[in-house]
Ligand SMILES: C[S@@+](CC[C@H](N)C(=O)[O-])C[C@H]1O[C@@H](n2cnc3c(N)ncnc32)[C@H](O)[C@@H]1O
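Shown next as structure tokens: one chain only, the form predicted alone.
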């Protein structure tokens, strides 16, 4: 790169404006590791051994008491009460890595679930009127690259003249943010005593990663979604072409070892796409967009009904994970955030997951039949504008597990009509509902497998690649949504007279 990297001391403070992308949906079950790591406030090193008892002073000698602790330059100042009173700090053994500022965590633990590491509550949390902190991650532990020239990195770990700098300089500022961050991540793994060398143990391996960037063509065909499969093939070609252009045979060994094969680069790119945060950095009077990998917070899974959110505390460059105000959390509950609103194909393209209860999923109907929107919403206690529909569970009598995000998605995707206070005619509504059900059945029959067959494949004891598993889940989730719409229309026909 022609422009030298900025010093970390001159890097401006980020503003509190960012979005956090998702990785995967909240698993319904989890597997605990035998000795799960726990979060907490770190120590730079083990405390020194206790000093031997002082010898008895002889008469006439003057005692000198000095209780001052030795100065430790790399240790942050100790506050009188560093932890929120309502949250207990956890065991710090997980974070004994010698850096100036370390991550802090309160009332949570990191456990291994079906889809990798996740964050769970280690104690009950009563609802309060204010949000409370459960994680604090300083900027020093993140990997950050600005989106526009001159490229600025934080931490500034790339020395002037290193060939990785020229590779980053060759990227397109408008579209290649993920390629730049992937290069920085690969370089961080090669820097001696770098934090990400240790944190890499908590990232999924190539075999464990669900990103479709790592999926062979046969697995992409399992999606039974030609548009999505075509997009992923283009994304794979873009990444492989970039690797072949810069990781040729004549490059220096210090660059070759970062990504000796294209699979290593595809893995780094999938990690970046599924775990990055978008930040805005203040550069004097200007704002600069930047992309960052945030350790520990990237273990938070996605949920449309999340109990946590992210907040940037820019006065000391700290990203906070906070429990939402008024939310009660029970011990063992998973801590989640809402990545974004999108259809399953968008989640699959970038993050490698899908959900049968995604309230933003859409089904394209071609039938001219329409049902009365207000009547359908009232049957399932769904309220809000079309872009903000939600289920009012407080109005549901008894336990009703049927109404979930899939029913909300049905309300958003079904062809509907509404003319103010004009009531629906039951006979016409039943006819329209039956026509829409027939179209759903036709869509289900267009798949090469049934819901039961897909479930049997996933439940089989044979080894299955993670990318093939997630592809089968994607088509299964689409079938489950179609079945949910059929069942919802049955209930709607039964209740239309009431």
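Positions refer to the first chain, counted from 1. Predicted, not measured: the structure shown is a model, and the values here were computed from it.
Missing here is the form predicted together with the named molecule; even so, the following discussion is about that form.
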Blocked or open, judged by overlaying the named molecule from its pose in the predicted complex and testing 2.4 Å from backbone or C-beta atoms: blocked
Close approach of residue 360 to the named molecule in the predicted complex, 4.5 Å, heavy atom: no
Any non-hydrogen atom of residue 372 within 4.5 angstroms of the named molecule in the predicted complex: no
Touches the named molecule in the predicted complex: residue 376 (any heavy atom, 4.5 Å): no
Non-hydrogen atom contact residue 298 with the named molecule in the predicted complex at 4.5 angstroms: yes
The named molecule in the predicted complex: contacting segment from 414-422, 115-123, 385-393, 152-160, heavy atom within 4.5 Å: 115-123
Option touching the named molecule, based on a heavy atom within 4.5 Å in the predicted complex, out of 106, 195, 339, 314: 339
Selected contact from 147, 274, 235, 144, since only one has a non-hydrogen atom within 4.5 angstroms of the named molecule in the predicted complex: 274
Within 197-227, the residues that have a heavy atom no more than 4.5 Å from the named molecule in the predicted complex: 204, 210
